[in-house]
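Just one chain follows, in the form predicted alone, and it is written as structure tokens.
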């Protein structure tokens, strides 16, 4: 599976959980790895690349971190839109 396909799967998973459940990085990696059969390291690298370019971001709440799709306001603030 191509890395871009993995990134699309990650984005779809985060979009589906948006507003319902905050997913930890390891939850995303495990879910995508199980769904696609791709090893966890490859999924982790794809996720990190998405974070590096601002397509997804870490958020912190209640002492726990999660991964989510950034809001438009955040992207405008960071100059990514």
Partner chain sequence: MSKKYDTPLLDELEKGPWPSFVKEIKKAAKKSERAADELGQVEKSYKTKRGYWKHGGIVGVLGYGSGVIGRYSSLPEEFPGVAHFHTVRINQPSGWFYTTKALREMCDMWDKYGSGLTNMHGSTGDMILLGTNTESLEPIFAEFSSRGWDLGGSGSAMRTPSCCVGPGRCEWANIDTLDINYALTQEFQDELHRPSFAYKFKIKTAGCAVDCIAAIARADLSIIGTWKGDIKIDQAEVKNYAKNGMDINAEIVDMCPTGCMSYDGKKLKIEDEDCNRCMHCIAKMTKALRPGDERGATLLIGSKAPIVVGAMLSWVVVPFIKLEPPYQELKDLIRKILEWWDENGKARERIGEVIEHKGMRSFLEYVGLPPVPQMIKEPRRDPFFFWAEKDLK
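Just so it is clear, the model here is predicted, and its values are computed rather than measured. Numbering follows the first chain given and starts at 1.
Not pictured, yet referred to below: the form predicted in complex with its partner chain.
- In the predicted complex, its partner chain lies farther than 4.5 Å from every heavy atom of residue 12.
- Of the heavy atoms in residue 51, some are within 4.5 Å of its partner chain in the predicted complex.
- Although the partner is absent from this view, residue 1 stays clear of its partner chain in the predicted complex, with no non-hydrogen atom inside 4.5 angstroms.
- Using a 4.5 Å cutoff between non-hydrogen atoms, residue 62 counts as a contact of its partner chain in the predicted complex.
- For the stretch 15 to 33, the set of residues having any non-hydrogen atom within 4.5 angstroms of its partner chain in the predicted complex comprises 24, 25, 26, in sequence order.
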